[in-house]
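The data below hold one chain only, encoded as structure tokens and taken in the form predicted alone.
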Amino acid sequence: MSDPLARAEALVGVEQYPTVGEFPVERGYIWTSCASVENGNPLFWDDDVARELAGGPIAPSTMLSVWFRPHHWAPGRAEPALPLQVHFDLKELFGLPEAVMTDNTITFYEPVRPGDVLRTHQVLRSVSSEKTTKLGTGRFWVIEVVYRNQADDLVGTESYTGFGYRRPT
């Protein structure tokens, strides 16, 4: 298939890039994240409160994607890992050097807990025809990222709308 749009449309609905987190969820990351924004919620700091409210320690929901932000370097990795690889694939497929995310929606399900080893995959949901905006000419796409824990419980989904484009000459 040589037509880039047809190649992209063939990937709509297909699970891509299944990935297991490089490290288990851990409290040091949770506390550092909370400290960085001065989040003093006892749910994240006090084991008794966490046990009473959530059945034990949990990570803030907003940290969902943190567990998949790859380290730029890791032993044995030949190339730097990129988050949201489908987005970069689409930029390359369509020859679009620039891109922005125009929307992000996160839905939370089961809480993420210390010790969880999460896994994820990406699904292209749609690709638009060519559009011209103030930024340039390109395409919009929607990518869904699905997160599950080691027990296969759904812990969250993220939906990203991106716009890849070429600036006007």
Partner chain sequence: MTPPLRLLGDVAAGHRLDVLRYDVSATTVVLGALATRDWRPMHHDKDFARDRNGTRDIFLNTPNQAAWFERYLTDWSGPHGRLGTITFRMAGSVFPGDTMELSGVVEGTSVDAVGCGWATVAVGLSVDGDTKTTCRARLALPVSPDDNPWSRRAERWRPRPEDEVG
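Residue numbers count along the first chain shown, from 1. Because the structure is predicted, anything quoted here is derived from the model rather than measured. Under this definition, the rigid core comprises the largest set of C-alpha atoms superposing within 1.5 Å between the forms.
Another form exists, predicted in complex with the partner chain; not displayed. Remarks below refer to it.
- In the model of the complex, the partner chain lies farther than 4.5 Å from every heavy atom of Val100.
- Although the partner is absent from this view, Pro111 contacts the partner chain in the model of the complex, with a non-hydrogen atom inside 4.5 angstroms.
- Mapping the unseen interface onto this chain, Asn41 counts among the residues with a heavy atom inside 4.5 Å of the partner chain in the model of the complex.
- The partner chain is not shown here, but in the model of the complex it comes within 4.5 Å of a heavy atom of Arg69.
- Although the partner chain is omitted here, in the model of the complex none of Val86, Phe94 and Ser129 has a heavy atom within 4.5 Å of it.
- Scanning 16-32 for heavy atoms within 4.5 Å of the partner chain in the model of the complex gives Glu22, Phe23, Tyr29, Thr32 in sequence order.
- For Leu93, a C-alpha deviation below 2 angstroms is recorded between this form and the one not shown after rigid-core alignment.
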